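Given next, in C-alpha cells, is a single chain: the form predicted on its own.
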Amino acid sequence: MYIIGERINGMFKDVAKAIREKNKRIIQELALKQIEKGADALDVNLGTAVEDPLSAMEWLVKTIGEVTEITLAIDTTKLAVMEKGLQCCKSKPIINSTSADEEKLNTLIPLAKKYNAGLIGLTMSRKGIPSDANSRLELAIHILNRWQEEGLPVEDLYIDAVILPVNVAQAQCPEVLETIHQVKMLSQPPPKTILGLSNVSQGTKYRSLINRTYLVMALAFGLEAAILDPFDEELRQAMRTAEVLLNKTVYCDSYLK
C-alpha cells in the first residue's frame, strides 16, 4: 500500500511551533523518520495559525527538499499557497485535494496539468458528503470524467471516499468501503483509491485500534493508498499482515521486518 505520512501538519503543536520559529531540524527529522517507518510520500499542511502562508509553504517545502526528494502531497485550500508549494517540489507532487464542484475542478485540474501533479479527488461537493455509496460514486465519476477530458493519466488520480468519524457517522463506514470497491470498476485502468485514515477515529477513545481495524477492512475492499501516521507500529503491522493474507505480498516468517 502507498503510505502518505500525515505528521508534517501545522495542526500538531510541535510542527506549528517549528513553522513559526523556522526550526528546520524538527521538520527534517519528522520527514526522515516517517520515511524510515515506510512512508512513500509526505503530506504537507501548514495548519491554520500562519501569518504569511505563502512564504511559510515555500520555507516548509524547501526545508523538506534539503533532506529528501520524496513525493509531497501539498495540502491546502488556498490556491496561491498550493501553487507555491507545487513550484518548490523536487519530485512529482500530489494536490490534496479537490471536491467534485466545477469551480474546484476548473482550477485544480489545470494546476495538476501544469505541474505534472497527481490529484486527490474527494467524493463531496458544496452540498456536503453523501450518505451512501452510489451518491459518492456519482461524484467520483464526475471527477474522473473531468480528469480524462484533460488527457491526464488515470493512474495519477486518487479517489477519496471521505471517511467520517465513527462516533458521529457510524452508518457511513460500510458505505465508504463499498465506494472503494466500486471505484475499481469505473475505468480501465481505474483511478487509485485513498483515505485520510485518521478521520475515522477522530474524537474516539481507542484511536489506534479503530484506525488499524478499518485500514485492514479497507484493504480487503481494494484500498491502495492512505494518509496515516507511520509512527503507529501496530497500525503498520496490521497493514503488512493484511497484505500477506490478501496475497499482495509473499509470506515469510520475517515479513514484519
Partner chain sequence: MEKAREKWVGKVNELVIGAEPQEGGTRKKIIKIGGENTLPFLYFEGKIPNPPVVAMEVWDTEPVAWPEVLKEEFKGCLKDPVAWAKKAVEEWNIDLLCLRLFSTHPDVQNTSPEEAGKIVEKVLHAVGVPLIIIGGYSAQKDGDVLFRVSEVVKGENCLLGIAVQENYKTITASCLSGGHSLIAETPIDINLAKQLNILISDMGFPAERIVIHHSTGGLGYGLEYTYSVMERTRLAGLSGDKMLSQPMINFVGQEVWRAKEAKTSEEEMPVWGRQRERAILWEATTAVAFLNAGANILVMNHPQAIKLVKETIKELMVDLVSK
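Source: prediction; values computed, not measured. Positions refer to the first chain, counted from 1.
Missing here is the form predicted in complex with its partner chain; even so, the following discussion is about that form.
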### Query
Can you pick the one in Glu155, Asp132, Glu102, Glu149 that has a heavy atom within 4.5 Å of its partner chain in the predicted complex?
Glu155
### Query
Does its partner chain get within 4.5 angstroms of any non-hydrogen atom of Gln237 in the predicted complex?
no
### Message
With a cut-off of 4.5 Å between heavy atoms, is Thr249 one of the residues that contacts its partner chain in the predicted complex?
### Response
yes
